[in-house]
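Shown next as structure tokens: one chain only, the form predicted alone.
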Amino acid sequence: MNKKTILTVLSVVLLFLFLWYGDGHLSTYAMRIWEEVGIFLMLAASYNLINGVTGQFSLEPNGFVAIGAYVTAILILTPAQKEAMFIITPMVPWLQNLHMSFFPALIIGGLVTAFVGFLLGFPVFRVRGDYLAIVTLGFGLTIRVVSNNTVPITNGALGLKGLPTYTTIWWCWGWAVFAMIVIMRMVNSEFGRAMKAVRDDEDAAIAMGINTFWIKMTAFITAAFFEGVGGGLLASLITIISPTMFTFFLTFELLIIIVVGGLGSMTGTALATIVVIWGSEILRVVEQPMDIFGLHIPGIPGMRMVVFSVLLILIMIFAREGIMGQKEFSWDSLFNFFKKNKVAQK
């Protein structure tokens, strides 16, 4: 292995050493946030693949996350739990007795979501730009309506409660690291260059002989798979799912992350995920009563979102392309930075 590969492996090892230390020393609350960071990192990276790298303005994540969550939840529930849960309408027989462990349930949840993405890709990629956004937004709304009305499968508005708690910090970050490796290798390959060509000028890419439809489909299916797995992890983490969870706000939150980090930058996505998820929790302090210079300020519910929105506006004003723009972190750029500083000091 060359030096850069060794450094990358060491970085991943240090990450998991930090998680191992945190699992035994940090509070449950702090570890819960790190679990959410891991899940949202995978969701945001996969969303950035289709939206940032391939340049397709899609608003589908909440729909794909919902599919993955429901499929995984149905598979990990035992027949007895399903019988007790479906009190209005019994569950369909072919799902009632279906039960498996967590890992294959996640894989199947991802594959089912990827298959839905494959079917959805044929009609949605007949359009571009704002029209694509409208179509995929409609898909997310449709999934929510379907999950609310297919009572024998999803339990309707009652949702699925008391799911087994299989999701841990290791599941979250194991999948997050795996997704980042797969997506980064895809982005840095010839296929990734074709994706960027579609993003920069689709008509020129077609003229160069690139099959833009299948390039977009592959990015879409890959994103769907990881979003489905992320939905399964999220379902087992919070142990309850219902149609009201998978609104456009989930997509909007992921959109904020990839825009703040930089469209097309996976490194920026990782940084922005930490900033957005941790930042929204840290700002809870502004909702607490406080005394400033003898002035008593009562707690104002929702104030953290006001402050958070102002901070996002400032980031967009002073860093219009996000934290990283379309750039990625590389060991070469880090080495060159230290070399330049060393030369400047001399």
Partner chain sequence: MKRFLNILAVALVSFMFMATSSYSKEVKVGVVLPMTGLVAAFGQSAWKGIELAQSMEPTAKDGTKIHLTLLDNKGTKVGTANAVSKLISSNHVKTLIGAITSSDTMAGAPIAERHHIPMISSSATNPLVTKGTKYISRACFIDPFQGAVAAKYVYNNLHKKTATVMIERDQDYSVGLAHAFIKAFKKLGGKVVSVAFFQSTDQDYSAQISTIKAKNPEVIYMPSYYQEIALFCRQARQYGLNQPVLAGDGAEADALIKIGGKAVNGVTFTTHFDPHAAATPLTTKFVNLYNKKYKQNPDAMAALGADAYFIVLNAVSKAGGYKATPKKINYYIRHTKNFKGVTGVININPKTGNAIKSAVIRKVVNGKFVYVTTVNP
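Everything numeric in this text was worked out from a predicted model, so none of it was measured. Numbering follows the first chain given and starts at 1.
The same protein also exists as the form predicted together with the partner chain; that form is not shown, yet it is the one meant from here on.
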Note: exactly one of I274, L98, M217, M245 sits with a heavy atom within 4.5 Å of the partner chain in the predicted bound form, namely M245
Since exactly one of V127, M208, I134, L158 fits, which has a heavy atom within 4.5 Å of the partner chain in the predicted bound form? L158
Classify S189 as contacting or not contacting the partner chain in the predicted bound form by the rule of any non-hydrogen atom within 4.5 angstroms, answering yes or no. no
Although the partner isn't part of this model, could you tell me whether A197 comes within 4.5 Å of the partner chain in the predicted bound form, counting any heavy atom of the residue? no
Is N148 a contact residue for the partner chain in the predicted bound form, using a 4.5 Å heavy atom cut-off? yes
Counting only non-hydrogen atoms and a 4.5 angstroms cut-off, does I87 reach the partner chain in the predicted bound form? yes
Candidate stretches 56-64, 312-320, 41-49, 28-36, one within 4.5 Å of the partner chain in the predicted bound form by heavy atom: 28-36
Using a 4.5 Å heavy atom cutoff, which residues in 224-240 contact the partner chain in the predicted bound form? It's fine if the answer is none. I238, T239, I240
